[in-house]
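What follows is a single chain, given as structure tokens, in the form predicted on its own.
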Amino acid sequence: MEILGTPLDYTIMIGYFILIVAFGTFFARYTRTTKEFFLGGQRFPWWIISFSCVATLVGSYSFIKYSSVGYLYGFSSTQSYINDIFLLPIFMFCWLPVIYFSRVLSIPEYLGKRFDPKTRIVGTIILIIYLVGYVGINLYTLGVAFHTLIGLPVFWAAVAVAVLATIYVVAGGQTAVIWTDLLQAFILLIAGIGLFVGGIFFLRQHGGFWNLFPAGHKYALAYFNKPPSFNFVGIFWQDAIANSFAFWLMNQGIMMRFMSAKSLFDSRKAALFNILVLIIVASVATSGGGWIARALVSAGFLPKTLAGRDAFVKAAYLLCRPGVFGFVLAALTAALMSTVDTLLNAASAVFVNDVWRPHIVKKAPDKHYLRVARITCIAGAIIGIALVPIYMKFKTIYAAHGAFTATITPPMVVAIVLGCTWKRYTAKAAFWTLLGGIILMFLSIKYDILLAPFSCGIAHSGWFFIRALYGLVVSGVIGVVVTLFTAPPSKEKISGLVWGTEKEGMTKFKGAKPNEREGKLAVLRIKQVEIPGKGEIVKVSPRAMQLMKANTGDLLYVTDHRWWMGGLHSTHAKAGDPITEVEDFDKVYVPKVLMDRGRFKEGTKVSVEKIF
């Protein structure tokens, strides 16, 4: 079998492997507690969260999957990503405030607070299956890519990358995930957009990209219900509703990423920028290789027999010089590792928080749970590898990914959406939405005639798309009907856990009435001063308090003034009584416990911001 690439290309790719593992393990020094392992200490600004989310969103399956679809069907391949705009209001204004202020560490924990323990158990099982299954689909995809490149067996390629990603996740937790994903986001976006733009310039002398691109490929949306393997109605229900809602509302890794922001305001800014800007860029980066490959076929540079799943790699190999092709290979690897690392960290959080801590070892030191979290990451990688042979049985990556998400996600998506938006939704309804919904989903696999009423004219071979619509409908019906026949939850039970109760959530989070007056940053110098009995408090001058529009007891965020530090040296604290010493009006008094937590040094220039 032909080996694509030169020794220089593979040297660059191997060098990237070494760099990213070393970069990730460097952050082990910032991971001393389970909160830091899972949430990174909740210290990061919006731009880091937003860009690192792109790396999670664009998995290795994205380059292969969407380039394949772009090659076969054209511009309509972007529909899967652009669909995310539909859920922006629910995510920003319903879901983010609920999870941020409720202080939950996992989605099942939210289900337990909002509903009851048995709903949490069912949710835990479904979510672990979803996360570990997603690990498997990503490992399978990279295995396919390396099989195309060098003939390496799919399974063993998956094993190699799983080992590398697991090393730095186990060492550095969420902080390592966020910072490595930030780096990998830039690499994969530059490579994807660069390949597309480079292809356009290459084709200028051979007829032009637009003229070489088939007329039927130039539509922004797919045909309504054909072909069965890729059509508008199937994409909408499977990708836009089931998959996208699952990614943003049900994916524990995404929840933890936004929970790692320094404030709700930064979480919302990250979501807005991600969905309205970066996702559009990502849709072109992941599909562009397929579009260029199709034009290259028309120009005679690639064979007409080219398989869709090989489009990205073959186009990159043709267009890129030695060394540059290695960079593209590194981007493909970055896409894989940036999704797998998130999923492993997320699965670990669910297992520790919803299985080990409440049911197996209930009262152990935090170091014990941190050790279990790291072991769980390794176990998740092993299970993901074991799933690769199952995904290899599907004809295409798109079909494997679609079949998996359409089957697993609908009941959980319905339970979360109704739970965070409908105050009347009850615990019994949520339990039966999850349990009854998942049973009916698996029945539809055995008896696919159940999908016929939802087919929308799609041929039988494309019904894997429609399983998502079927699941959303049957789960939704269960949830609504059971709710109407059961007593509504008390006002106290849902306080801070559903849309419309954000103020109560903020009050519980702060422990006092929120201060939402808009202030400015105060730039000060650190001075270590002990504040007896008040280790979580910092003090600033009356002038700084006025600048920030802060009151005593307000929640503050203190961070190194150098923006490029990205919140690594930072901490949250409450505002104490103002400093009275005039000579220290340019200082912020910080006790030793917060000096250690924020990794500050005496005299460091910091920005102090009132959160609320």
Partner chain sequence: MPTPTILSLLYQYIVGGILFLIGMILVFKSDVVDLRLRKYRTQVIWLIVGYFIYLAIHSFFFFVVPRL
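None of these values were measured; they are calculated from a predicted model. Residue numbers count along the first chain shown, from 1.
Although not depicted, the form predicted together with the partner chain is the subject of the following passage.
Enquirer: Decide yes or no: are T11, A160 and F404 jointly within 4.5 Å of the partner chain in the model of the complex, with each residue judged by its heavy atoms?
Expert: No: none of T11, A160 and F404 comes within 4.5 Å of the partner chain in the model of the complex.
Enquirer: Between V104, A222, A427, M259, only one gets a heavy atom within 4.5 angstroms of the partner chain in the model of the complex; which residue is that?
Expert: Answer to the contact question: A222.
Enquirer: May I ask you to choose, among L318, I439, A379, L272, the residue with a heavy atom within 4.5 Å of the partner chain in the model of the complex?
Expert: Contact check passes for L272.
Enquirer: Among the candidate stretches 430 to 438, 104 to 112, 69 to 77, 120 to 128, which one is within 4.5 Å of the partner chain in the model of the complex when only heavy atoms are counted?
Expert: That would be stretch 69 to 77.
Enquirer: Using the partner position in the model of the complex, report whether F465 sits within 4.5 Å of the partner chain, counting heavy atoms only.
Expert: F465: no, not in contact with the partner chain in the model of the complex.
Enquirer: Any of the heavy atoms of K446 lying within 4.5 Å of the partner chain in the model of the complex?
Expert: Taking the distances in the model of the complex, the answer for K446 is no, it never comes within 4.5 Å of the partner chain.
Enquirer: Spell out, yes or no, whether the shortest heavy atom distance between R268 and the partner chain in the model of the complex is within 4.5 Å.
Expert: Flag for R268 set to yes.
Enquirer: With a 4.5 Å heavy atom cut-off, would you call F93 a contact of the partner chain in the model of the complex?
Expert: F93: yes, in contact with the partner chain in the model of the complex.
Enquirer: Considering only 66 to 87, what residues come within 4.5 Å of the partner chain in the model of the complex, judged by heavy atoms?
Expert: Contacts from 66 to 87: Y73, F75, I82, N83, D84, I85, F86.
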